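Take a look at this one chain, the form predicted on its own, written out in structure tokens.
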């Protein structure tokens, strides 16, 4: 059975369990099935989900990106700083566009740096992105002087930005649009085929004359850009720029990719599988919180699921 179908079967099982154990509302309906709760799940997975989409491309090449959480923190800090500490004399829409562009550009440049070092100096992605994770987190704290930058709830440009970009329709719609775009890129473009080929056998890809260096740089650039946009949405949702945001987001994104059937060795996987993996994590979290399960136990359960997902992959590869 293909990996994404196994993941879909797992998602179906978790949804059925969530419905079965869901608390009842005052009208007797299942809380889990209420429209507000279901859209809350989609909203909650959207930020990690967007990062996981890009992480799929990274892992398909046989790489890893541990810096996405720190990049998100940098982007959310820059967006908040531009909105609250700059007065460029622009209209509100132009000022908001400038803040978003600055945050996403900084994140994208960090991704370019990751990709260039990995592809040019041939240093292991784990080492490069670990260094970036530490350095960029320090940069975010330095430019904010270790302080959160509050956006507020008034009628100024920052509050207008938060009111718009924290809407469920914007957050979920952004994730859905990104998922459709990246699924198309991976399945239907030459770039997608190059990504798979490099992860499947980089030496063979090199002999075939594929643009390995350029592909890797683009993959990590995309990871930075999506992490940056997730940081913009984080700033709007939380009404602040937080240099400590995004801690362990890289682990959640990697978990979603692996649970979705993409092996860490690269070469095989799909965007559909990653979406399913994100949904599994989101439904599981929601189910446990509706039952008031201790957050520490929640983390342990997630750890077991990740190990089981990898074990299933190994069994399938050896079969």
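In this text the structure is predicted, and so the values were computed from the model without any measurement. Residue numbers count along the first chain shown, from 1. In this text, the rigid core denotes the largest set of C-alpha atoms whose superposition between the two forms falls within 1.5 Å.
Heads up, the form predicted together with a further copy of the same chain isn't pictured, but that's what we're talking about next.
Residue heavy atoms within 4.5 Å of a further copy of the same chain in the model of the complex occur in exactly one stretch of 73-81, 99-107, 140-148, 219-227, and that stretch is 140-148. Although the partner is absent here, residue 177 is not a contact residue: none of its heavy atoms lies within 4.5 angstroms of a further copy of the same chain in the model of the complex. Within 4.5 Å of some heavy atom of a further copy of the same chain in the model of the complex lies at least one heavy atom of residue 300. Within 4.5 Å of some heavy atom of a further copy of the same chain in the model of the complex lies at least one heavy atom of residue 135.
At a distance threshold of 4.5 angstroms between non-hydrogen atoms, residue 310 is in contact with a further copy of the same chain in the model of the complex. In sequence order, 117, 121, 122, 123, 124 are the residues of 111-125 having a heavy atom within 4.5 Å of a further copy of the same chain in the model of the complex; the partner itself is omitted from this view. If you fit the rigid core between the shown form and the other one, you'll see the Cα of residue 27 move by less than 2 angstroms.
Taking the rigid core as fixed, one finds a CA shift for residue 16 smaller than 2 Å between the shown form and the other one. Put simply, residue 304 and residue 264 spread apart in the model of the complex: their C-alpha atoms are 3 Å or more farther than in the form shown. Distance between the C-alpha atoms of residue 17 and residue 305: shorter by at least 3 Å in the model of the complex than in the displayed form.
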